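The chain below stands alone, shown as structure tokens; this is the form predicted alone.
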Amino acid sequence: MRVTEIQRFCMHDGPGVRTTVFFKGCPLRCRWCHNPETQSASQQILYDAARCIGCGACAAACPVGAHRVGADGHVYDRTECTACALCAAACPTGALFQAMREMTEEEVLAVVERDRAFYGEEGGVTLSGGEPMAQPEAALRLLRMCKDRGIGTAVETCGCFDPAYVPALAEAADLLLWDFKDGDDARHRENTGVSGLPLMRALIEADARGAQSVLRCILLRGVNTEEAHYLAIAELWSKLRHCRYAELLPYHPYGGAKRRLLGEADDGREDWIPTPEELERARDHLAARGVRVRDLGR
């Protein structure tokens, strides 16, 4: 499987203490993506100029001349780069590093097992990304291996995957952290590249099969902080029988810094950060319609 990172002792990726495995590859292109390094399924090289000491090790290791170090400093020509990662292996300061590594399910499980003592009754492993179900067979195998060992399983998903896998996912995951990005489908298409309707249908099917879920709703000031969106959340909530609560996630611009490491423009938007008052209004709108709400912005 293609993994960008494994984070241990996480507290916001499901109940209890979690080990979160970030999968690489996602079919969506959300304008507010917090993990842009997980979008492409291919290997990428990230470059942190602040760590570079200009030693030239990368230029010496690169077989295609994508790196040059001279009077004008370190120049990284990504148009020449083949992502062979020889530069990252040679870099002594970690200024260059790979976006992903390929791991077997057994290798990932070994990391997950290290913290078994801390999981307790609620914790366990969470698959995130990217979109874990963009690698469905690997994700499902890992989930089943964890369940066989008594480790709790959760999956954060946008729902954009082959619906044929919904039954298997509902069985393998103890909890689905389901991203509900926007109730306005035209705006959903504009900001993510896909319709949100099939994604909602997949959640409703998983719920019908008994899957426990949490609705994760990102709020962006001036984009979806409106009553119509809150009504759409409440309408979806009313169709679910096994949804524990809706989780309000205020936008943050940190993904822009990661884009700079990928050689792209920083697209972080400070003006999209909702105010505490807007979060409170969203919470009140949903609560008034009978939605159980948890607000991570508090």
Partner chain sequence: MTFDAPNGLERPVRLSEATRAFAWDSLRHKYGQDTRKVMDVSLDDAEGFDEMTPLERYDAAVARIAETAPIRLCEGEKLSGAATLGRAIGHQVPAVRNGAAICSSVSHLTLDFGVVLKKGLRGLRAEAQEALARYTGTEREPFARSCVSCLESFSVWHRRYLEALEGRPEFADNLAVLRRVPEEPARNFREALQSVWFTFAFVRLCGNWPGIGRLDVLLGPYLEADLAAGVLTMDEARELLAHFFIKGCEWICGGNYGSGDAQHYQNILLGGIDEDGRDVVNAVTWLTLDVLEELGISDFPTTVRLSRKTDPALLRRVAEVMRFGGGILAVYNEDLVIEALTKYGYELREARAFGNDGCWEVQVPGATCFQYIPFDALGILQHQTLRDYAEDVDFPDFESLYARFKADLTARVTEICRSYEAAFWYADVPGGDWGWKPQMPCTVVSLFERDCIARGLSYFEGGAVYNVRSPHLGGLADTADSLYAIKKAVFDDRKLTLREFFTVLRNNWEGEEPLRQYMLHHYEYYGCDNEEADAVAARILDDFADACDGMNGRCGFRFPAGVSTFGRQLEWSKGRLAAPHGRHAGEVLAANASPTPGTDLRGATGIIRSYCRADLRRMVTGAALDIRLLPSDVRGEDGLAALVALLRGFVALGGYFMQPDVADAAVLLAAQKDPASYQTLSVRVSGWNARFVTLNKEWQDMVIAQYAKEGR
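Positions refer to the first chain, counted from 1. For clarity, every value in this text was computed on a predicted model and none was experimentally measured.
Another form, the form predicted in complex with the partner chain, is not on view; read the next lines as being about it.
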One stretch from 23 to 31, 228 to 236, 247 to 255, 65 to 73 that, in the predicted bound form, holds residues within 4.5 Å of the partner chain by heavy atom: 247 to 255
Non-hydrogen atom within 4.5 Å of the partner chain in the predicted bound form for each of 5, 8 and 48: yes
Non-hydrogen atom contact residue 93 with the partner chain in the predicted bound form at 4.5 angstroms: yes
Heavy atom of residue 163 within 4.5 Å of the partner chain in the predicted bound form: no
is_contact(residue 13, the partner chain) in the predicted bound form, heavy atom dist at most 4.5 Å: yes
Interface membership of residue 294, the partner chain in the predicted bound form, 4.5 Å heavy atom rule: yes
